[in-house]
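First, one chain by itself in structure tokens, the form predicted alone.
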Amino acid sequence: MEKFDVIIIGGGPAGLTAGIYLSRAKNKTLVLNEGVIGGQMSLTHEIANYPGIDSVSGYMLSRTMQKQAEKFGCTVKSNIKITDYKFNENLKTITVNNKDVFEAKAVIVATGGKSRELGVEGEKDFTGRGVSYCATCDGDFFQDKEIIVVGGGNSALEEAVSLTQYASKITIVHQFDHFQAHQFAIDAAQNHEKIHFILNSTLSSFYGNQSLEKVKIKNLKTNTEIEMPIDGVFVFIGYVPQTKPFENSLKLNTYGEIISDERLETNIPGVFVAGDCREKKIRQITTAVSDGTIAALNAIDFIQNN
């Protein structure tokens, strides 16, 4: 059993920021990350609103944060599977890959979220074969192709604009007659010659053989459906918090988000939460970084007082 002062579950911007603060303060810190370092941030094509940085890819910002944490002595383990944990004792334990056990005085849960699915016929069948949730990962597969982007928030409109460097035509399908994005994102999409709109509508099914060939689009006001031949669909309709493993120990709200106090401490003393998996309204990289800072400093305070 390897012992740490703090274990951070999740290697997105919240987790990595916490790792930077903790390790710089000479706390022995471990980041355990089940997926790709950076989380949803690493899948973002361009980040242009991070203070002090003109423009950077999410992948590069993720790597920079990881290197900074490691420079201060933080241990980062990625592509692992957490198979068990015990939070209720004074010393918390986490088991990885059914064999490696790590112990800590405090834990920060920063597991983030995953892309929300439409949940309609054929969606899972064509995921990776025409249906995608990541413009950065899959955009170049659709060079000179016609694609659909589903959603009406900042992510949907901004990623639609980024996809214009590949696709010949992009149709944004949105369930309302208005967008939830900031005006600059709306303007950029509406003023782009490659982008078209179908509003008050949603995708109701996906069809094809080896890969996606067409979709059905349902008008939510008239309930009528049309078929549209299409090469690809990118879905950006929000995120689902990655908190299911903790539902029997940490207090969650009706959306599955972890509830915490202003110190970001959960219902279990010494267990903190940071980032998109916690109960809050605004989810941005900068708010995740803020959460990571607050959780780290309060974890230090918890250790010193206990």
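One-based numbering along the sequence shown. A quick note: this is a predicted structure, and the numbers were derived from the prediction, not measured.
There is another form of the same protein, the form predicted together with a small molecule; it is not shown, and what comes next is about it.
Engineer: Please pick out the stretch from 236-244, 258-266, 66-74, 22-30 that is in contact with the small molecule in the model of the complex, where contact means heavy atoms within 4.5 Å.
Structural biologist: Of the stretches listed, the one contacting the partner is 236-244.
Engineer: Is L252 part of the interface with the small molecule in the model of the complex - any heavy atom within 4.5 Å?
Structural biologist: Although the small molecule is absent here, L252 would stay clear of it in the model of the complex, with no heavy atoms inside 4.5 Å.
Engineer: Given that the partner is absent here, does A160 sit within 4.5 Å of the small molecule in the model of the complex, heavy atoms only?
Structural biologist: No, A160 sits far enough from the small molecule in the model of the complex that none of its heavy atoms falls within 4.5 Å.
Engineer: Does the small molecule come within 4.5 Å of any heavy atom of I82 in the model of the complex?
Structural biologist: Output for I82 is yes: heavy atoms within 4.5 Å of the small molecule.
Engineer: Could you tell me if A110 has a non-hydrogen atom within 4.5 Å of the small molecule in the model of the complex?
Structural biologist: Flag for A110 set to yes.
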